[in-house]
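The form predicted on its own is given below as one chain in structure tokens.
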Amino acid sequence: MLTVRAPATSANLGSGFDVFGIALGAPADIVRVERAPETTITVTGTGSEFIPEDPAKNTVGAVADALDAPARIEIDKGIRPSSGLGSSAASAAGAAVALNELYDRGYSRDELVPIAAEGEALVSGEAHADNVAPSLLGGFTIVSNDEHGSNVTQVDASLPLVVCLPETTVSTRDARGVVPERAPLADIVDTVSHAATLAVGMARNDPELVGQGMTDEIVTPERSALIDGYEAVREAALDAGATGVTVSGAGPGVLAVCRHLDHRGRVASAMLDAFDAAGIESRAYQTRVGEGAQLYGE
């Protein structure tokens, strides 16, 4: 049986809607596979009761079909569904790596991105790669699309982060439903400017630039309104020394960038206290930009 650890991710990063993503050091899913005449899926762990085990309804089943790789698949969820941390993408990425190895399909990590993204279509209705790309490749990723499909640029960034996850949920479909179809030109120009700043910051491992670049006046204001207590949590994190704060993916997770590893504790405490003041339980992951899916073998 092959085992893969597939990391959680944070997509968008404010200004990079459907384009930017990062792998997180924690949490992660564990995916185990072995050959079988037909695909079966067993799910345990965090929020497993909400995840279908029918291969036709699970992201991992779509990956097994795409690779023509039937298997007995066990998923131990460390990433809560509907968290904004790429829960379904991590399972899909882990399965893609494991099944590619199990059946010796010979795909590179880059080539597995669109295959894993097919599983995401079951969750959001479209094959988005902004979460599966960093879960497969690690670091900071930029996804662009053309007539030939998705292209991914990857940067081995290393920055200290805090992700605070409230005990509430936001569905990916609901979060996509509030995204404006049009925006004023001035807001678009500002967003492009911030996205460029963020990308340079990632390349330089510069938390100040990354924090500046997370500002977004188009998508984030609409999505943050779905998260009770968001503004208070954001202000608390900034007051505690975070360089930037935004909604992680579709939410309700909230992502904060820190200047130094030893700043994460006070930022995490401030975010937890702010959610608590709003009457919302939460947990915080003191983490960093991390590696992609790791294969552990038999």
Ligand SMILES: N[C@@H](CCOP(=O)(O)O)C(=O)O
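Numbering starts at 1 and runs along the sequence shown. Source: prediction; values computed, not measured.
FYI, the form predicted together with this ligand isn't displayed, but the following is about it.
When this ligand is considered in the predicted complex, residue 63 lies well away from it, no heavy atom lying within 4.5 Å. Interface membership of residue 130, defined by any non-hydrogen atom within 4.5 Å of this ligand in the predicted complex, is confirmed.
Proximity of residue 285 to this ligand in the predicted complex: non-hydrogen atoms within 4.5 Å are absent; the residue sits far from the partner. Although the partner is absent from this view, residue 172 contacts this ligand in the predicted complex, with a non-hydrogen atom inside 4.5 angstroms.
Only one of 64 to 72, 228 to 236, 259 to 267, 246 to 254 places residue heavy atoms within 4.5 angstroms of this ligand in the predicted complex, namely 246 to 254. Applying a 4.5 Å heavy atom cutoff to this ligand in the predicted complex picks out 84, 85, 86 from 73 to 99, in order along the sequence.
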